[in-house]
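In the block that follows, a single chain appears as structure tokens, in the form predicted alone.
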């Protein structure tokens, strides 16, 4: 039976090696030039979008890709910000402050995951909810380190004179480099062996166990990676905003982060970027309409997006791509063979039934 030829743009991109190399190069060139031609306010806005896009990405690792409820991601963002601010005030090198923020968030996430990953459903939700609820009063009480209710400020984002850049340009470049590296590494993770294991654990933990995949191990891994990414987002938050307070890790912000992930698209790299844009831009727009109705308008937007696009904004791109593929496919085309999940995780090819019978004969 004849098989249809995929003439979609994505298929052409995969088949043409020159296009595969040119598109990433074009993206890098655009990102390299962008901070130089935009205004200061626009650079600041893009930098803040990058900060929260990384935070949404971390939440996506544990919820979108692994299917585990986490309502405390904002706690690790705040922890990374506090560690960064404290380190800068103590005269630490920027690199040291970055590593300390990553390590503190990862260790805290690992400790929580070792206990929470054995739970499920409502129980794990309650554990993660406790993080921002406990974090806010704890930050207020540890005033010698956190500045208490007054918060903590640290300025270390001045552009080096040798670069010839303005401060807003330098900040955006740093966010693009660090955030871009986090997105590329996370993309490689979720598209590799660990990502396939995450997907099986998300689908059915009993099936995962029967395939030799430990749900507990991979849930702990996902929580720890998400916490690490949250710490990186906290470092970038302090680098861009240069101020943090107990309000940074409040439970309300945690819910807003969750809404941003859902609207952008759960289990999607592009959705994390869209979620970061939603987190920053939509509150500003609703405040301009009526500051007293900000929460109401954001709720209406959330319901409208989920009603039209249950998979979030990222699903719109997938729908368009599928529509182009269907229009380019022949009506009598045979569907391509599918690969079992067990084969995808193990990386081995399935044996043909005829050959298997011959081997047993």
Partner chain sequence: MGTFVQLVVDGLSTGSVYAAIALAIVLVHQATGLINFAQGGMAVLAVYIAWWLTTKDVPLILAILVSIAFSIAFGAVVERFLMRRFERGDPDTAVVVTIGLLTLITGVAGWLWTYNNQQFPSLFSLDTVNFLGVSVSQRSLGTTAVIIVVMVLLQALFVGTKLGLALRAVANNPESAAFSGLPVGRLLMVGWGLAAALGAVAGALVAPQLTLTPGMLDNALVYALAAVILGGLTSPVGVVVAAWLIGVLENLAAVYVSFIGYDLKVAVPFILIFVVLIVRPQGLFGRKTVVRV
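Positions refer to the first chain, counted from 1. Everything numeric here is computed off the predicted structure, so don't read it as measured data.
From this point on, the text means the form predicted in complex with the partner chain, which you will not see here.
- Between the options 317, 27, 302, 38, the residue in contact with the partner chain in the predicted bound form by a heavy atom within 4.5 angstroms is 302.
- Of the candidates 192, 212, 137, 164, 137 is the one whose heavy atoms come within 4.5 Å of the partner chain in the predicted bound form; the others do not.
- Looking at residue 141, you'd find a heavy atom of it within 4.5 angstroms of the partner chain in the predicted bound form.
- Residue 119 belongs to the set of residues with a heavy atom inside 4.5 Å of the partner chain in the predicted bound form.
- Heavy atoms of residue 71 reach within 4.5 Å of the partner chain in the predicted bound form, making it an interface residue.
- By the criterion of a heavy atom within 4.5 Å, residue 95 is excluded from the residues contacting the partner chain in the predicted bound form.
- The stretch that touches the partner chain in the predicted bound form, counting heavy atoms within 4.5 Å, is 107 to 115, out of 146 to 154, 107 to 115, 225 to 233, 269 to 277.
- Residues 251, 255, 258, 262 of 250 to 271 are found to place at least one heavy atom within 4.5 Å of the partner chain in the predicted bound form.
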